[in-house]
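This document starts with one chain, in the form predicted on its own, laid out as structure tokens.
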Amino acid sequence: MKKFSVVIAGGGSTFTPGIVMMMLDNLERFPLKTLKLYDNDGDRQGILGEALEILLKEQAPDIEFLYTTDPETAFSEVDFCMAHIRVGKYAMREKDEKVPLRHGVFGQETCGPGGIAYGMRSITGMLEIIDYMEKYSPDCWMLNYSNPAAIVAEACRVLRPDSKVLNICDMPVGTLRRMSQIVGKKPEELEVRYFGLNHFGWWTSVKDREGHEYIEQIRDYVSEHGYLTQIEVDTQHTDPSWQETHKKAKDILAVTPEYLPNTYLKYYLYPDYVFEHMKDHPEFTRANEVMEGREKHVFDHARQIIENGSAEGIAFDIDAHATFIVDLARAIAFNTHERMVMIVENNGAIANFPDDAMVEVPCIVGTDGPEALAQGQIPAFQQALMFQQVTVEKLVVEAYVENSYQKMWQALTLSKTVPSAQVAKELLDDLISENGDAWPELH
């Protein structure tokens, strides 16, 4: 079997060690010749890079490993770029979450004003990485799972329409894992039908390989418990804020009981509830939870490996659910026709929705990329919600391209999470001030 060369863009991410461990756990399915880390923050990446270099020498010495801030070194002679960048790092995520709270609006990483602010920063970084990839390895595929995926995917559609970029999110994968726990199956034994936008969709079917439909059983469970399963609670894999999110799914389901909802819909259907939960602790948001939790844990592990000169007994946790990234790479490399939920241009997949919308639907993935499966017509309620949200995402990208203050104001005004044009304008001015040079200048 051919061995592949991979670069992880965002090498300083807290997710990088888990992704590396996951790939080491899947070497029989996806052999590696070379593994590189690339980041524009050499100091941050250096800690993880040095620790992973020690670990790889012990566990997979045949893999050539390096970490670098030089684009030519990073992107030359690679088959796949796995991208999970965070422009502005957690310091700016904290602002994305806290600035909206000043204006009576919730702050969140990918939804509402926080997601819009993050999207405006991410577009430049994503285009830069795509251009490096195409310059130094023209045949390389980018597997992009950077947030906010919806805005990033729309920007790629508009600004790099011919680039080999595959946009995918782990949210459907994570929810499917919980669904499988509810019905006593393994995730790989289940096949779903799903329609929506990224972080904004509904499952219409969950079947096993024999064709047995589980959606009623899952609906009954979710209507009482949300997606929170006892397995998740007992294994302590889920932070308190995420446990609350998974439980809230029962109230989202009540609005549209015919389909199983994506948990992120709580931000659009219950924004007042979200704000009430955040406003009592404005100094401690999800960003602080991550910085004090996962970020501290990962970097403490890395420093301990470096100090010991060995990873024995202190190896990083395997990000097991991220095997979807290897599944996607294998689908491209070996034409496996893997069925995966991906973010693609609609082009009729949802019959009564614009062709140029970036939607999230099941796709069959092979050597030529994803082919979307038709999901038919969708109900008016979901169609209207989706059209409003996809228009917000398009306006954000148009504002970026045109340096348009007006279109960014319109995007925030149209967002279901913002109560008025006046609040949207005040929010926009505050976000411009806080983001500084990280945003293009709007006028």
Ligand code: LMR
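All residue numbers refer to positions in the sequence shown, first residue = 1. It should be emphasised that the depicted structure is a prediction, and the values quoted were computed from it without experimental measurement.
This next part talks about the form predicted together with (2S)-2-hydroxybutanedioic acid, which is not shown.
- Note on contacts: among H246, K266, R93, R178, the single residue with a heavy atom within 4.5 Å of (2S)-2-hydroxybutanedioic acid in the predicted bound form is R93.
- The listed set D79, E232, D208, E109 contains one residue whose heavy atoms approach (2S)-2-hydroxybutanedioic acid in the predicted bound form to within 4.5 Å, identified as E109.
- The stretch that touches (2S)-2-hydroxybutanedioic acid in the predicted bound form, counting heavy atoms within 4.5 Å, is 286-294, out of 327-335, 302-310, 286-294, 361-369.
- Among heavy atoms of H225, none comes within 4.5 Å of (2S)-2-hydroxybutanedioic acid in the predicted bound form.
- Among residues of the shown chain, F275 is not one whose heavy atoms approach (2S)-2-hydroxybutanedioic acid to within 4.5 Å in the predicted bound form.
- In the predicted bound form, (2S)-2-hydroxybutanedioic acid lies within 4.5 Å of some heavy atom of N147.
- A residue is said to contact a partner when one of its heavy atoms sits within 4.5 Å of a partner heavy atom; K185 fails this definition for (2S)-2-hydroxybutanedioic acid in the predicted bound form, lying far away.
- Judged against (2S)-2-hydroxybutanedioic acid in the predicted bound form with a 4.5 angstroms heavy atom cut-off, the residues F15, R86 and W242 are in contact without exception.
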